[in-house]
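Read the single chain below, which is given as structure tokens and is the form predicted on its own.
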């Protein structure tokens, strides 16, 4: 990434956040009684929305409901699988949000009464709201792969696409693999959370094998013919893992070469694909994805995802409920942690504006996605987005991909990736 492009993105980020922040600070004068916002889901989208609503207007009563005491970031979890990071480093709690005056409730939301504007939880409690934010992340379409199921994922063949216990399970399986064994991955079809993620995972696992189990092989059975950062990954796999040669550690089988999976046998970890039958020592299935379960139960979905007004991220199906993060339909924004963080800030500004009867600031968004192919070899894709004619659009010339291989620049990209991780997690949970 050259400095001109990085400088432009940095300026755009400051403009986007500044417009929302300073615009909504002017809105903080309250009219009438206490305003109440309930946020469902404490991931990147939900936690950021809660924090920034309180930041933009401290007089608003904000309640965040999340069943888990800790959140594990999916971004950087691939480094755990590669042995370059510990699980503790991707685990965050909600103490920082509590200190901001946000009520954090550890409970599971079972229903949202959109007409009555009430959130109900498994413990039997109810929470009244003026505005509700739903950020449930993704759920999985296990049934799309015959032989796979939630029970199988949690017991023996993890997807590890929600970081936490399954990440630890997959790491232990990789550690237990014999040198000379085979790791088979089945990535999901589009759209899904973190488009480059499966291929960074392959890269990280290959880096672990290269150092500790050099005779291991990786097979990717892909339902797609191309993926995010395709050229950069292919180039990196050639340099680090012999891709395209007889000694390649990685074999990628795309859809047009028979990569589509027909079924799996979980007992033998055998995958039956159009290209043939593949026996794995460690099998990683990442199923097709859809919006989180509460979005379906609440009637927020159209198809697999949640349609929203891109100015405010308010649901187009249920009034006074907003949906941010992976579950929302926000194309061309990807389903990523950085995009969720950016969407949440815009949503927070919109909610503060709406509750105070003021005009919503003009929104803009940003996304940068880093991937680490090998230690010292980082790559990225970035883009700034604007609002035009009711839709999110890419700002022409605002982003792009990492350029041709330069060892010093790639080391710097890895440093940027780790710095970004520290900054965004501090922004969300600090």
Partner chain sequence: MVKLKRLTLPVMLTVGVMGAGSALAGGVDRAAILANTCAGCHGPDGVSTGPATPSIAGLPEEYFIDVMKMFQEGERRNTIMGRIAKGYTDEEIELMAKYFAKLPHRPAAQKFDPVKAKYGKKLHEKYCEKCHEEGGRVADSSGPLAGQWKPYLQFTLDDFINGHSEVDKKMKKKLSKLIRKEGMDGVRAVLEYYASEQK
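The structure presented is a predicted model; accordingly, all values stated were derived computationally and were not measured. Positions refer to the first chain, counted from 1.
What follows is about the form predicted together with its partner chain, which we do not show.
With the partner left out here, its partner chain still marks one of 272-280, 334-342, 254-262, 136-144 in the predicted complex; by a 4.5 Å heavy atom cut-off that stretch is 334-342.
The shortest heavy atom separation between residue 400 and its partner chain in the predicted complex is within 4.5 Å.
In the predicted complex, its partner chain sits beyond 4.5 Å of every heavy atom of residue 371. Among residues of the shown chain, residue 43 is not one whose heavy atoms approach its partner chain to within 4.5 Å in the predicted complex.
Residue contact check for residue 67: none of its heavy atoms lie within 4.5 Å of its partner chain in the predicted complex.
In sequence order, 400, 401, 402, 406, 408, 409, 412, 413, 415, 416, 418, 419, 420, 422, 423, 424, 426, 427 are the residues of 400-430 having a heavy atom within 4.5 Å of its partner chain in the predicted complex; the partner itself is omitted from this view.
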